[in-house]
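Only one chain comes next, encoded as structure tokens, the form predicted alone.
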């Protein structure tokens, strides 16, 4: 698969310039002969960021204003010049993360930033941003912005960027993007556009060219002849993965086909730890494993959900829609995973007997998992799942728990006693 985009039906409002930028960026990357796995796209918070799901490339979605910082970290860590780090950010994110942009430009890091400048915060209600031109109307400046916006191209050029450009987001901009993407060092391209939901409505009959002209800014290209960033004082970092101890296979293989699990309970009740122990035990039986955690920003309250994929073959994509197995140990976990459980047409649902069973096509197994204590309920449920299905050897789980030093922190003997009575 050499196509950068998965689909041409992009999730933007009709007439949004983000659609043009995404499609022409994809075309530019393909024109440069880059395959999807040669490209790392980092997106920011904002309407442009919903492009992630439409890309076949590596994608990273950052916090508001932090996509350039993430891209910089990736650029620092990648030593392969054939890989392309591409950052998408809006005018709002550029304002929030302005110092990140300046530092990346100052160091001339090998990356390209595409600023989607529709001159306001489109996703959050059409408010004024730091790049909104003087006189442009937004929902927080109905009479027109009284202040001039930053000139992001002048700032990056002055900071030392190898390449800065401003282009109009109309027509075929593929060649302009190819030029920016070809730069060795830091390149920033500001694409001017108007938000169809707020910008057009609040600035009727104004053309993009007139808005840009009245702002005092011009389209163009600005260059600094300097080499891309290189470490000149020796490498002072090392691969942190080298410190990780590998998991050796010391139990027979059991799993014959792919299996996906959703394990869900309450924060602070060891959900992620139980999933990690299960994943490690499965690897001891030769499984390939991925694990992903999900929980609220306020850690320690609400739900905690872990997604685990097990396979006898390498796993190239982690994504679980409807799981094969669901393990639910609390009301918080049930509320968070209820829709996925209701979507199960087969498989198994292991659920604490205190909880109301949702409508599901899965086989339902109810047991008093919380009798092992709130902090050990999930571990009990995971071991119960392993014992009753035979998918993961329970002895490998016990051994993993003991070697991790967690055996003394949970009622393992009590759990073993309960599991031992399972027919």
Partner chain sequence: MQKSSNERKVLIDGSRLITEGMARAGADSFIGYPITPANLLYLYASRRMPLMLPAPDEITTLQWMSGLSATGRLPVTATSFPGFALMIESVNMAFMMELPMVIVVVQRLGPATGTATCGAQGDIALLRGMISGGHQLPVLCTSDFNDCWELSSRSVSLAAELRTPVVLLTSKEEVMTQKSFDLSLLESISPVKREFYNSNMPYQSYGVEGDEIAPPFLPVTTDKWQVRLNASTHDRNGILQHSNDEAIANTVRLDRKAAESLDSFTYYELDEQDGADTLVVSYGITASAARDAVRKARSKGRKVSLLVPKTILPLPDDYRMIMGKYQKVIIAEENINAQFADLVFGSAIPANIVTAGSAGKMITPSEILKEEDCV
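Owing to the predicted nature of the structure, the values given are computational and were not obtained by experimental measurement. We call the rigid core the largest set of C-alpha positions that still match within 1.5 Å between the two forms. Residue numbers count along the first chain shown, from 1.
What comes next is about the form predicted in complex with the partner chain, which is not displayed.
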Inset, instruction - Using a 4.5 Å heavy atom cut-off, indicate which stretch of 364-372, 351-359, 379-387, 32-40 touches the partner chain in the predicted bound form. - result: 32-40
Legend entry - The single option of 288, 206, 184, 226 touching the partner chain in the predicted bound form, heavy atom within 4.5 Å: 288
Legend entry - Contacting member of 86, 72, 194, 261, with respect to the partner chain in the predicted bound form [4.5 Å, heavy atom]: 72
Inset, instruction - Decide if the three candidate residues 66, 79 and 319 all line the partner chain in the predicted bound form, where lining means a heavy atom within 4.5 Å. - result: yes
Legend entry - 4.5 Å heavy atom contact, residue 279 and the partner chain in the predicted bound form: yes
Inset, instruction - With heavy atoms only and a cut-off of 4.5 Å, decide whether residue 339 touches the partner chain in the predicted bound form. - result: no
Legend entry - Contact flag, residue 395 vs the partner chain in the predicted bound form, heavy atom cut 4.5 Å: no
Inset, instruction - Could you confirm whether residue 99 comes within 4.5 Å of the partner chain in the predicted bound form, counting heavy atoms only? - result: yes
Legend entry - Sequence-ordered list of residues in 51-70 near the partner chain in the predicted bound form, where near means a heavy atom within 4.5 Å: 52, 53, 55, 56, 57, 58, 59, 60, 61, 62, 63, 66, 69, 70
Inset, instruction - Superpose the two forms on their rigid core, then report whether the C-alpha of residue 258 is displaced by 2 angstroms or more between this form and the one not shown. - result: yes
Legend entry - C-alpha of residue 157 off by 2 Å or more between this form and the one not shown on rigid core: no
Legend entry - C-alpha of residue 315 moved at least 2 Å between this form and the one not shown on rigid core: yes
